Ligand SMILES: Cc1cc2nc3c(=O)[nH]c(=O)nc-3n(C[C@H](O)[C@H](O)[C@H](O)COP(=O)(O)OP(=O)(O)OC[C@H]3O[C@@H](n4cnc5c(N)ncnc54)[C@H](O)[C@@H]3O)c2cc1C
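Single chain ahead, by itself, as structure tokens, in the form predicted alone.
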């Protein structure tokens, strides 16, 4: 039978419908469509998709299970690697698909979306708890890295408590990714399963507040994992950045998800940045009633770091892109509130350290863009924990935790992984790093048993 080169399309809400609500925009595969897409996989011997995944997901196996109509088995296979297949099936940037052999001649197999199908249609396997080891682990941070470490260690028999600073769990999954991309009931189901395993998930515990210190944690637990991520905003260092009406995206999204009301009705929103966060803020703004939304990005479309499908969905929703432009100043009105963003046109020069061509300003090409609100989506810095841990744990001058290849810190009982050690990264990269940390923690805990 000839190889099917075209990917089975997933149904989506039409753009007008989806911008009027927070309903999930991409509807996912039905069982029938998922089987049809899974049958496109040729089950190649080299399995590049597995090795293309930072977490070494057994993608060919869960795809083959779907091809056979066994969604329960497919979900069980995915759960052998991580506890958040529904989240990853909706949000992963799927590097596995970049190396899919089918993609050489046609479209790669929808590996990520098939993982979502396993979550959507599969039945969760029965939980069989191991014998307790008598060891206890404290996990600081309830985002992807922390949840991964908790999952790996609870399945080894260790007692695990996750401490989250915010009133909700999930980290960037819930305070960074909007519900139309990642419905909250998906994350809640994954958290409920962790509770069934026996993980103690607690919220409103911020490191450094009251008696919640690293010393106290080490007095209570045999080992501690730091997975606090990168939740601090990054500056763009331009005049007017501190004006009323200018907000950093990580703070904007977090406040929105925690219930702070935003009145954007009829407003002109300008977003600086070209990654997934910029797409999320822009599409959120439309759903909150914005009159117009512009994304200003200093490089071209091909250099944008957002996933291609996110960019397409934003364009379909009438988000306007001003590419090859960069802000130079943010200007106020007579009352001191933001009124204009002054930008300069850019051109691409030689590659920079990232390998992408460096954008350079074109002289005398400045222009003004009217704005009622400006949202800066230019990246994040490490969460500010340095003063609370540096007496025990070596830190970089930028606030990252220093770890070795096995995610051990300078304190033999403290480990770290994810964004706080890697810098801003994707969910799957944080999960992969956290798996390495959990393996090291288990080995060290059992060596002391």
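Please read these numbers as outputs of a predicted model, since none were measured by experiment. Positions refer to the first chain, counted from 1.
Omitted from view is the form predicted together with this ligand, to which the following refers.
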item	value
Stretch in contact, per heavy atom within 4.5 angstroms of this ligand in the predicted complex, of 349-357, 225-233, 120-128, 262-270	225-233
Selected contact from 140, 295, 137, 78, since only one has a non-hydrogen atom within 4.5 angstroms of this ligand in the predicted complex	140
Proximity to this ligand in the predicted complex, single hit among 91, 285, 113, 313 (heavy atom within 4.5 Å)	91
218, 393 and 413 each touching this ligand in the predicted complex (heavy atom, 4.5 Å)	no
Any non-hydrogen atom of residue 250 within 4.5 angstroms of this ligand in the predicted complex	yes
4.5 Å heavy atom contact, residue 338 and this ligand in the predicted complex	no
Contact of residue 193 with this ligand in the predicted complex (heavy atom, 4.5 Å)	no
Partner contact for residue 256 in the predicted complex: this ligand, 4.5 angstroms, heavy atom	no
Residues within stretch 361-389 having a non-hydrogen atom within 4.5 Å of this ligand in the predicted complex	380, 383, 385
